[in-house]
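Listed next as structure tokens is one chain, alone, in the form predicted on its own.
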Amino acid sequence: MKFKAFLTDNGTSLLEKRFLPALDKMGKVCHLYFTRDHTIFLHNLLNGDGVQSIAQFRKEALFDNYRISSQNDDRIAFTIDLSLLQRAIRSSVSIYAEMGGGDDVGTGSNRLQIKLVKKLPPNSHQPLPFLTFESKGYKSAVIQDVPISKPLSRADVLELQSALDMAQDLPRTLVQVPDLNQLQNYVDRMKHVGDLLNISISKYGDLHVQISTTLITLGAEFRKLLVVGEQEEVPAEDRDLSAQSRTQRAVQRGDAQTVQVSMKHFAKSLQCHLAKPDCAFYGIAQEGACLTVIFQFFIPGSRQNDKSISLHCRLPVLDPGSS
């Protein structure tokens, strides 16, 4: 089992400044999964508890000279502490700059190499696995070791891959929320009111968010959003109804779904804004199985989707929903 690659400038920036801060909010520990073509960070895929998050990068988005081999069809996975990983990358970047790296990452002798190793820690009789970062300079090298779990067995890798494949299923209707800050502000105000959030999404392009207690009901509606997938026109007789009435009628027609999620989970998923997505899509899986949030990234300087990066979350529902 071998893995070795060089982090590019772009890859270092993506991880250190955007994705690791966001993913750390999902949970301190996650699975890091390397395949021939992708690097994937996975939260909660092997247990049904909590928010599932999947951040996937094509190898070219993070690395060059990417080399991997294993008996598990060139797939390697393990768990890692994200705060330790972030600290190692940040420290390596600082050290690299002090060694005179400048703008020549990946082209000169000063390069940030990452590889899997086994080492014998002090006062230990058994080698342990590490993800090692090596900053090479003209006259010296600085090595930092990030402890990881024992790599997953073939059976566990297959289970992880199967869970990943299942998590790729998209809802039939997705609505685009172009301004996450507006949604974030609403949640910040509402999260102290109650613990449960009702989410309704319609084929008309409506996203309705509501929190209720025995004393108060508060809601926000986002209308005429861009719809991807199955969509319908709002019936003329419904256009002047209240948001709640319109949503109820849409659910009865099969034009909308409603689920209940944890306010804590919903707020946590919004922390993905730290990865600086350009927009987000919300959808409810078939039979109300989960609430899916897909974050979209554009190629810098364009409105074209960057297919080398993907990030999405799946929130467990507290109610089977209605469809």
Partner chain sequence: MSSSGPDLVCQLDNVQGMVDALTAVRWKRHQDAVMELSEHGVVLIVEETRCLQAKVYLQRELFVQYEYSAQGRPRFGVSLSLFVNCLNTFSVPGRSNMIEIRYPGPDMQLLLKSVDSMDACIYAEIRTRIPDTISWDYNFEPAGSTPLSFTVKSAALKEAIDDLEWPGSSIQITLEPVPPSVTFRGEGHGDLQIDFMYYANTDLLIAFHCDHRVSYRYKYKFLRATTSNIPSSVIRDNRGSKLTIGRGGMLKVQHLVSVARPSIPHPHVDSAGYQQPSRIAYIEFFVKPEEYEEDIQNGS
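Numbering follows the first chain given and starts at 1. Bear in mind that the values here come from a model prediction, so they are computed numbers and not experimental data.
Heads up, the form predicted together with its partner chain isn't pictured, but that's what we're talking about next.
Picking from 122 to 130, 162 to 170, 180 to 188, 228 to 236 the stretch near its partner chain in the predicted complex, with a 4.5 Å limit on heavy atoms, gives 180 to 188. For the options 83, 244, 176, 113, the residue carrying a heavy atom within 4.5 angstroms of its partner chain in the predicted complex is 244.
Checking 156, 221, 74, 134 against its partner chain in the predicted complex, a heavy atom within 4.5 Å turns up for just one residue: 221. For residue 92, no non-hydrogen atom is located within 4.5 Å of its partner chain in the predicted complex, even though that partner is not displayed. The closest heavy atom approach of residue 118 to its partner chain in the predicted complex falls outside 4.5 Å. Residue contact with its partner chain in the predicted complex: residue 88 places no heavy atom within 4.5 Å of it.
Residue contact with its partner chain in the predicted complex: residue 193 places a heavy atom within 4.5 Å of it. In this stretch, 276 to 293, not one residue has a heavy atom within 4.5 Å of its partner chain in the predicted complex; the partner itself is omitted from this view.
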